[in-house]
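One chain follows as structure tokens, the form predicted on its own.
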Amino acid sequence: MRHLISISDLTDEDLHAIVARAALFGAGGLDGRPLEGAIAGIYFRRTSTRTRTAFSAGALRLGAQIITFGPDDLQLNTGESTEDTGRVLSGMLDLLVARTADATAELRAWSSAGPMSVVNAMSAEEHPTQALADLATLVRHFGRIEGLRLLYVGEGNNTAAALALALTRYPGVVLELRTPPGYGLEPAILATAAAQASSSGAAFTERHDMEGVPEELDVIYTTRWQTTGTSKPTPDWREVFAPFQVTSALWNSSPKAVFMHDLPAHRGEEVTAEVLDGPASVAFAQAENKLYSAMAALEWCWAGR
């Protein structure tokens, strides 16, 4: 069985293949219905617009049938164990796409329950399918990932974690994270990304200020300050985050850079409206690419059966 629970679960070959397939789907390259006969469960315990729609529509486009579950639909709410739930679902479903915003360990428990592929549509630690959409966006816009220079500004959340784990595997990539003090990447993610960069020939750093931002960037990326399903540990967090807003002034030294955002966005908080809605923004193309990356992830999982 193939599961997509963390970017780290993928070999370099698998990662490159999924991203390339997503870019091909985005260019109209769907041929046939490769998931014909499959039944996919779509289980979202947290709100979602893009990811839930992408996986639902993607599974249908590939020929699968879907069963959807909301946050109150499974007996997990009445005390059934994660393991028992996984055993039951794996006997009825071929694939399970799940957003929990809780520990990834729950998804791993389901993945070991039986013959059912599990896709992580966002857990507390990582958002791997967002990274796949991000990489597909880079390929479709630039024609490559290798050698790109990217600046990520904002919290070291699950989106940042997945992005760091993915991009540091590409030679020549320069990725710099500017995260507010106390809101950086988890140490384990930071160490893994740094080790991957050293091995692949990428460059990776994290700082906690906005001084001396790199010049001649290809991409500036941010995410919503208030991440789905989380809360900030300090009451004055907005003051801490304020210097990390993405504004037009940030483009002074990188006028050719594009702007990326995983959406939803709060104009006036993490990004100004003139940036998000301006000509440099590819955020809404990035959102559309979630469909194509979802299709590629589902196809990859199904092909491993």
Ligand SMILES: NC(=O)NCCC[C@H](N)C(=O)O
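All values reported here derive from a predicted model rather than from experimental measurement. In this text, residue numbers run from 1 along the sequence as written.
Separately, the form predicted together with the ligand exists; it is not shown, and the next lines address it.
The ligand contact in the predicted complex: residue 192, any heavy atom under 4.5 Å:
Because no heavy atom of residue 192 falls inside 4.5 Å of the ligand in the predicted complex, the answer is no.
Is there a non-hydrogen atom of residue 45 within 4.5 angstroms of a non-hydrogen atom of the ligand in the predicted complex?
Residue-level check for residue 45: no, no contact with the ligand.
If you check in the predicted complex, is residue 268 within 4.5 Å of the ligand, heavy atoms only?
Answer no; every heavy atom of residue 268 is more than 4.5 Å from the ligand in the predicted complex.
Taking heavy atoms and a 4.5 Å cut-off, does residue 137 contact the ligand in the predicted complex?
No, residue 137 stays farther than 4.5 Å from the ligand in the predicted complex.
Tell me the stretch among 242-250, 66-74, 258-266, 25-33 that has any heavy atom within 4.5 angstroms of the ligand in the predicted complex.
Of the options, only 258-266 has residues within 4.5 Å of the partner.
Contact at 130, 223 and 227 by the ligand in the predicted complex, all three, heavy atom at most 4.5 Å:
Yes, the whole candidate spot contacts the ligand.
Here the chain is shown alone; which of 196, 117, 179, 157 has a heavy atom within 4.5 Å of the ligand in the predicted complex?
Filtering the options by heavy-atom distance leaves 157.
Using a 4.5 Å cut-off on heavy atoms, which residues of 29-52 contact the ligand in the predicted complex?
Read in sequence order, the residues that approach the ligand (within 4.5 Å, in the predicted complex) are 50, 51.
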